[in-house]
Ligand SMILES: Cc1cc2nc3c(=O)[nH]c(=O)nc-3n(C[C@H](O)[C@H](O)[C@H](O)COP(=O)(O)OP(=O)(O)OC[C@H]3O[C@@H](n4cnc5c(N)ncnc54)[C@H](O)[C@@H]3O)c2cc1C
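Shown below, as structure tokens, is a lone chain in the form predicted alone; questions about how it binds or moves come after it.
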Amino acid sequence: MLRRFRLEEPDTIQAASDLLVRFGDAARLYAGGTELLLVMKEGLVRYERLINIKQIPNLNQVKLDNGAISIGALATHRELTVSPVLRESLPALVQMENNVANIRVREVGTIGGNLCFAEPHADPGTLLLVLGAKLIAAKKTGQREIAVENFFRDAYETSLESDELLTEIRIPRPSAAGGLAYLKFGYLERPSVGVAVRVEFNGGEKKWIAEARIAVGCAGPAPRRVEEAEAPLKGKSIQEATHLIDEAGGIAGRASQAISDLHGSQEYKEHIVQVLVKRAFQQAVQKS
């Protein structure tokens, strides 16, 4: 049962930050609420106040800004699937968002809320890792930029300070000389494993791989980029990399910090990581 709470509705970032300072651990930010209200109903957490930030204007915009894709933290998953900017510049993110949870969650849930809740079996963080995204956190006294690889600390834990709001996700616009893919697998509502692979080719001629990025999520407590799995692919031709991708996938599986839970054993998840890395690499090459 959902216990009574007071709802605050600030209309500026500064006012929301003030409320976080004033009420401390008794308050929590509220955007879509698809995760938060669920755990509150189950009695796993209790807050005396929810701070609804949906009244703050201009935090759901998606636009191009100085060569980067800017996504407002209050953009819903549904809004991202229909964004002309993302469909043109980042279709892999649109495809990923089309498969987040279910239609009810996509209509209400926000990308910022998804990232801040830091549920281990979530999709967006894994893809953002290979995209080199930067997250903008703001409070009353100013704002700062957080590299996405420094944002997730553990399950349900981020590097946001107690009075900060996530306001924007900034993604460097991907080069045309490369490919990107995100794949996931699971037999429950949430994915057991998610894998993102990005490859960049020299000069767009596909002679050799100038850069490769691999990230794994859902298997462990937080999504993580696996640079040790990327190393065997860099500087290789596509043919050479294709022969090495099983090795890279095996490295990624062992480095994924997979844990045994209802979604599968550690060994099972590590195997699935290896399979998905290979498939995502093949898709990324085909899309380039």
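Don't overthink the numbering: it's just position in the shown sequence, from 1. Just so you know, these numbers come straight off a predicted model, no measurement behind them.
This next part talks about the form predicted in complex with the named molecule, which is not shown.
*Asks:* So if I measure heavy atom distances to the named molecule in the model of the complex, which of the stretches 82-90, 127-135, 190-198, 173-181 falls within 4.5 Å?
*Replies:* After filtering at 4.5 Å, what remains is 190-198.
*Asks:* Note which of A101, I146, A210, A155 lies within 4.5 Å of the named molecule in the model of the complex, where distance is taken over heavy atoms; exactly one does.
*Replies:* None of the other options qualify; the answer is A101.
*Asks:* Which listed residue (A248, A255, L36, A222) meets the criterion of a heavy atom within 4.5 Å of the named molecule in the model of the complex?
*Replies:* Of the listed residues, the single hit is L36.
*Asks:* I'd like to check something about R28: if you look in the model of the complex, is any of its heavy atoms closer than or equal to 4.5 Å to a heavy atom of the named molecule?
*Replies:* Yes, contact at 4.5 Å.
*Asks:* Looking in the model of the complex, any heavy atom of A229 within 4.5 Å of the named molecule?
*Replies:* Because no heavy atom of A229 falls inside 4.5 Å of the named molecule in the model of the complex, the answer is no.
*Asks:* Consider I71 of the chain shown here, and say whether it contacts the named molecule in the model of the complex, taking contact as heavy atoms within 4.5 Å.
*Replies:* So I71 does not count as contacting the named molecule.
*Asks:* Flag H121 as yes or no: does it have a non-hydrogen atom within 4.5 angstroms of any non-hydrogen atom of the named molecule in the model of the complex?
*Replies:* Yes, H121 sits close enough to the named molecule in the model of the complex that at least one of its heavy atoms falls within 4.5 Å.
*Asks:* Can you name the residues of 109-127 that have a non-hydrogen atom within 4.5 angstroms of the named molecule in the model of the complex?
*Replies:* Contacting residues: G109, T110, G112, G113, N114, C116, F117, H121, A122, D123, P124.
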